[in-house]
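Listed next as structure tokens is one chain, alone, in the form predicted on its own.
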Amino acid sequence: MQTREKKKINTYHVAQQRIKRAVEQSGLTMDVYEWLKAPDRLVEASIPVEMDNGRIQVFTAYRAQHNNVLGPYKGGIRFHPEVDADEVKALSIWMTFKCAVAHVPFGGGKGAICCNPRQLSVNELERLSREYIQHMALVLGPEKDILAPDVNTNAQIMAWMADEYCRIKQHNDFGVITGKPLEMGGCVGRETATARGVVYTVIEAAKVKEIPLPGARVAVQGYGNVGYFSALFLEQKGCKVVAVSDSGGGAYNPNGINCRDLLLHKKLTGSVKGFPGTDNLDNLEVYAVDCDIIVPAALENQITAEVAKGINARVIAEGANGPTTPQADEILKEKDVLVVPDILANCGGVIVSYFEWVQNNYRYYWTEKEIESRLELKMTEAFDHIYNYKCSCEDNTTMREAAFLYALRRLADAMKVRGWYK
């Protein structure tokens, strides 16, 4: 049932529906919807790469540029075997709204390569990364479109991409990509920025729901960068991480799981499943455990209607993009679960990417303490903006609806003043 529901969901159509509903709720003209319902540009390329065995393999690659009314396009690039054009377009839309919520001067973009990085050698990954830039360089630039890491990409891949772009331009222009290594103008704290942002919103949401963080029970789906650091930072705040799952399965212990030890187990075995002292779970069973806070940190459409029915948590902070389906949203709304939406909860990554971009442009770099302080301030302000906006709306307005309405108003005002619609 869960698998069938997820397969029939088109994330691009979901994003469009959310925009249309926000336009209707806000009373704005449908011209605003027409501007925002589709990306300004979608680039699709076939990228030939010489493999280690000497043969050529062709990969399909994408770059979606949604809307740049607030600034240059900005968004990550993911490597995943099931990615398609509609997913990339949806993610670019969410980035536009995320930047508007976070008050950073960027528009939304997103990129992807349809591949399984686990089946590629380091040399093949490097050639693929460089070829992507070769094919996309004309539409990229620090004032055009800025890349960043996403699912299955990291600082090393960003370094290869940035180096290739600089070779093409024949001068260093590191601001074209964020999430780079420190040696190439990267920003201290960037690796943990998305997770820190999630935790700052959890802190604020816990205040709203009157949940004391010391002793609060947490479940996390996904144990990559965002999932691990979210769990670790919440553990450091006194929370008890009771359940974690990844693509290989899950681990559950009502008395708590040591996050660092669990990561070591995952590195050794490939999954959190089978961690000593825990009971095994299926990937989605993590949502049904008895807990106070859930952090979805995997892929889209994980919390379906069926999954939502079994959720007992009072707060969900979406570390992943689009983890909750519209049908599930309605169920969670009825259950009075405070869902901190992705365009708010996980915007810590784009905020610190903005800091990196600013530092690259100024050639002046802040300390990690300064970065964390600035991030906490912007995340707390963003949560307050959205929660206060929610409270000013109808009683049944959710945080997601409030976030879309708030971001929509900022985008619509900017488009109107620029003369994009009357």
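Don't overthink the numbering: it's just position in the shown sequence, from 1. Small disclaimer: the values here were computed from a predicted structure and weren't measured.
There is another form of the same protein, the form predicted together with a small molecule; it is not shown, and what comes next is about it.
Interface membership of K180, defined by any non-hydrogen atom within 4.5 Å of the small molecule in the predicted complex, is ruled out. In the predicted complex, no heavy atom of S245 sits within 4.5 Å of the small molecule.
None of the heavy atoms of G222 is located within 4.5 Å of the small molecule in the predicted complex. In the predicted complex, the small molecule sits within 4.5 Å of a heavy atom belonging to N346.
Proximity to the small molecule in the predicted complex, defined as a heavy atom within 4.5 Å, singles out one entry of A313, A148, I257, V340, which is A148. With the partner omitted from this view, the residue of M95, L128, C187, C239 that lies near the small molecule in the predicted complex is M95 [heavy atom within 4.5 Å]. With the partner left out here, the small molecule still marks one of 69-77, 114-122, 158-166, 332-340 in the predicted complex; by a 4.5 Å heavy atom cut-off that stretch is 69-77.
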